[in-house]
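Only one chain is shown below, in structure tokens, and it's the form predicted on its own.
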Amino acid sequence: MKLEEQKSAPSLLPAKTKARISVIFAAVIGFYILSTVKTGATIGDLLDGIPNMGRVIVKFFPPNFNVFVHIIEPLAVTIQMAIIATTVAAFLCIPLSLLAAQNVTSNKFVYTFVRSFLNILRTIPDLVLAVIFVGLFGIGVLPGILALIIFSLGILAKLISETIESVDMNPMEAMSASGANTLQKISFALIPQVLPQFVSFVLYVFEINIRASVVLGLVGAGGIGIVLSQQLKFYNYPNAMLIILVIFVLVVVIEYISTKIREAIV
């Protein structure tokens, strides 16, 4: 009996921790089963749909490269939408980020109000914003740009305000002791610390906006998404496949360039 006890490996976790992990695991499995039953989406349905997926995917090949010349202009519009939206959001987020940073804004009411406002902005999906603006301004590029500006503003202001809250406050306190005003402290003590991260976040949001602008086009918010939506509606799958390939290459190239710029700055 003693030899068997010596051969068994000692447990890495205490019994209480193992029981807690087991309860959490059982709860996750329970929620998964409950969600599956309530929604009716089961793995069996997925397996049943695989043959249909294969038949649909075959229709997309080979891509029709003859339509490439016709998608250059909407592709350029998509990039321009992302550039405009990212640039405007980058400028607008500067005052909001400062007001949403607890170590810069001493007024708790202003801090809480701006934080709540940014939370509301992030709560609204970009697709919903695009649908609202298309309803207000009609089909075109402007609704897409407005949706991307609000979408980008929520992300950028959140990321940059948290960056500001993590900066070293000693330079700002030293400037306060020497009689510097708020603008001077922000210009010479705060901005040099957050500028690399600011540029990195703006480039990251630009990448997101390129992908988002394609999706927004599906609801009439301009760009190549409109062309893709039209091709899918008319079952021109080879044309749609070429558009998807071009979008994929565009995203990869922009992501590569953006990553290299971020590596050089940060």
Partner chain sequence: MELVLPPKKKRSGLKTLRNWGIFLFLTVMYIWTFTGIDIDWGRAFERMINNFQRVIPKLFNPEWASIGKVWTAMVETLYIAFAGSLMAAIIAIPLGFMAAQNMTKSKVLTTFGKWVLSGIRAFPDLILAILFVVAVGPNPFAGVLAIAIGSTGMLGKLYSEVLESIDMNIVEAMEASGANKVQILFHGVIPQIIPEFLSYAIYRFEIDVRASTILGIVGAGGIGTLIQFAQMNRNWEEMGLILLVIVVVVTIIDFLSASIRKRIV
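In this text, the rigid core denotes the largest set of C-alpha atoms whose superposition between the two forms falls within 1.5 Å. Positions refer to the first chain, counted from 1. Only a predicted model underlies this, so the values are computations on that prediction, with no experimental measurement involved.
There is another form of this protein, the form predicted in complex with the partner chain, and it is not shown here; the text below is about that form.
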item: Partner-facing stretch of 173-181, 102-110, 159-167, 117-125, counted where any non-hydrogen atom is within 4.5 angstroms of the partner chain in the predicted bound form; value: 117-125
item: All of F65, I149 and L195 with a heavy atom within 4.5 Å of the partner chain in the predicted bound form; value: no
item: The partner chain contact at V141 in the predicted bound form, heavy atom, 4.5 Å; value: yes
item: Interface membership of V131, the partner chain in the predicted bound form, 4.5 Å heavy atom rule; value: yes
item: Distance check, S35 to the partner chain in the predicted bound form, heavy atom within 4.5 Å; value: yes
item: Contact label in the predicted bound form: A19 to the partner chain, heavy atom within 4.5 Å; value: no
item: Sole residue of I84, L92, L98, I71 within 4.5 Å of the partner chain in the predicted bound form, by heavy atom; value: I84
item: The partner chain in the predicted bound form - contacting residues of 197-230, heavy atom within 4.5 Å; value: R211, V214, V215, L218, V219, L228
item: CA of I21, rigid core aligned, shift of 2 Å or more between the shown form and the other one; value: yes
item: Per-residue C-alpha change between the shown form and the other one, K233, threshold 2 Å, rigid core fit; value: no
item: Threshold 2 Å Cα movement between the shown form and the other one for I43, core superposed; value: yes
